[in-house]
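Just the one chain here, the form predicted alone, laid out as structure tokens.
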Amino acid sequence: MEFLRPATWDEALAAKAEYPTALPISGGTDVMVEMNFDVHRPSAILDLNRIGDLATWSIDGDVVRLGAAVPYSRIIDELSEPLPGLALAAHTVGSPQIRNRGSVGGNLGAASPAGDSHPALLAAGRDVFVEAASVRGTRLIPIDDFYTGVKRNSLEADELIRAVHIPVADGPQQFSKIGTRNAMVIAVCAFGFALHPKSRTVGTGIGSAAPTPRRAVEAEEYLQGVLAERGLWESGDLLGSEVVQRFGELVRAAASPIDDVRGTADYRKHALAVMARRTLTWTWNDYSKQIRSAA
């Protein structure tokens, strides 16, 4: 097995171009597990730990550029205000040791439908982009186009993830996850939700309940219609139990889970409906308080 350790980003891109099957590693929280259990034995390892740019973040206007290797612990400590949904998801990742090493870039590279960051990224809006680069140049991949199958993404063989571009939250966001125990667990299913008052839209993200992370598009459209028709964006008045219930039903319908060792398909659908109702209620309560305090 070849071990490649570039010192700069340009060297990393050149190495990936020369060894397109090389497996990138930074935190290694997924890679090392698969290698230790002989699930994956790559021909080469591309160690990105010397490239400091990958572990930085910045805010330009209303967009956070999150380096691919910024660990979850720093997202919690430093980005809870601009990226509240992602920070909540980061809280649920593994142990403190895993949160100190694992990153959103690693989650995206693995593209597991159970990855904790995916529902939050989807809920953050359709203006989330994955910054992918190669010796041929850089491109921004819309998050909705990034996931292509179970543990598959739209990266080309010579591309590496450099950063993720995520809009700064302009409204409350939430994340909910169910596992077989309270901590250090792969999600049985997960749900991300966000209110976007500026664009009068809502965002959803379903995890571990379909071949890829996905939105509940009909649920989004239904809720956006209700909020617009009833003037609730302006008033912040109660949604009503029928709206919350219907939203949960539409989220449930958007999932296509399987039975596996962590849970049944029926349980996942039921849990998603419950999480959808709860996250909607939590975020709307927060939004109503903001409206009243601004009045």
Ligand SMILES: Cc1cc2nc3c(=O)[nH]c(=O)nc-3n(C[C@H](O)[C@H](O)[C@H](O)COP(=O)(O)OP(=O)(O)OC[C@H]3O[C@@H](n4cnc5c(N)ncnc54)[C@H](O)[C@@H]3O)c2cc1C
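In this text, residue numbers run from 1 along the sequence as written. This is a predicted model, so every value here is computed, not measured.
From this point on, the text means the form predicted in complex with this ligand, which you will not see here.
Task: Per-stretch contact check against this ligand in the model of the complex, the hit in 121 to 129, 135 to 143, 153 to 161, 205 to 213 (non-hydrogen atom, 4.5 angstroms) - done: That would be 153 to 161.
- [ ] With this ligand left out of view, choose which of 42, 257, 236, 27 has a non-hydrogen atom within 4.5 angstroms of it in the model of the complex.
- [x] For this set of options, the contacting one is 27.
Open item on the list: Under a 4.5 angstroms heavy atom criterion, identify the one residue in 75, 189, 194, 93 near this ligand in the model of the complex.
Closed with: If I apply the 4.5 Å criterion carefully, the residue I get is 93.
Task: Non-hydrogen atom within 4.5 Å of this ligand in the model of the complex for each of 85, 178 and 274 - done: Contact check failed for every one of 85, 178 and 274.
Task: Contact test in the model of the complex: residue 184 vs this ligand, heavy atoms, 4.5 Å - done: Residue 184: yes, in contact with this ligand in the model of the complex.
- [ ] Although this ligand is absent from this view, report whether residue 232 comes within 4.5 Å of it in the model of the complex, heavy atoms only.
- [x] No, no contact at 4.5 Å.
- [ ] Answer yes if any heavy atom of residue 13 is within 4.5 Å of a heavy atom of this ligand in the model of the complex; otherwise answer no.
- [x] No, no contact at 4.5 Å.
- [ ] Flag residue 107 as yes or no: does it have a non-hydrogen atom within 4.5 angstroms of any non-hydrogen atom of this ligand in the model of the complex?
- [x] Although this ligand is absent here, residue 107 would touch it in the model of the complex, with heavy atoms inside 4.5 Å.
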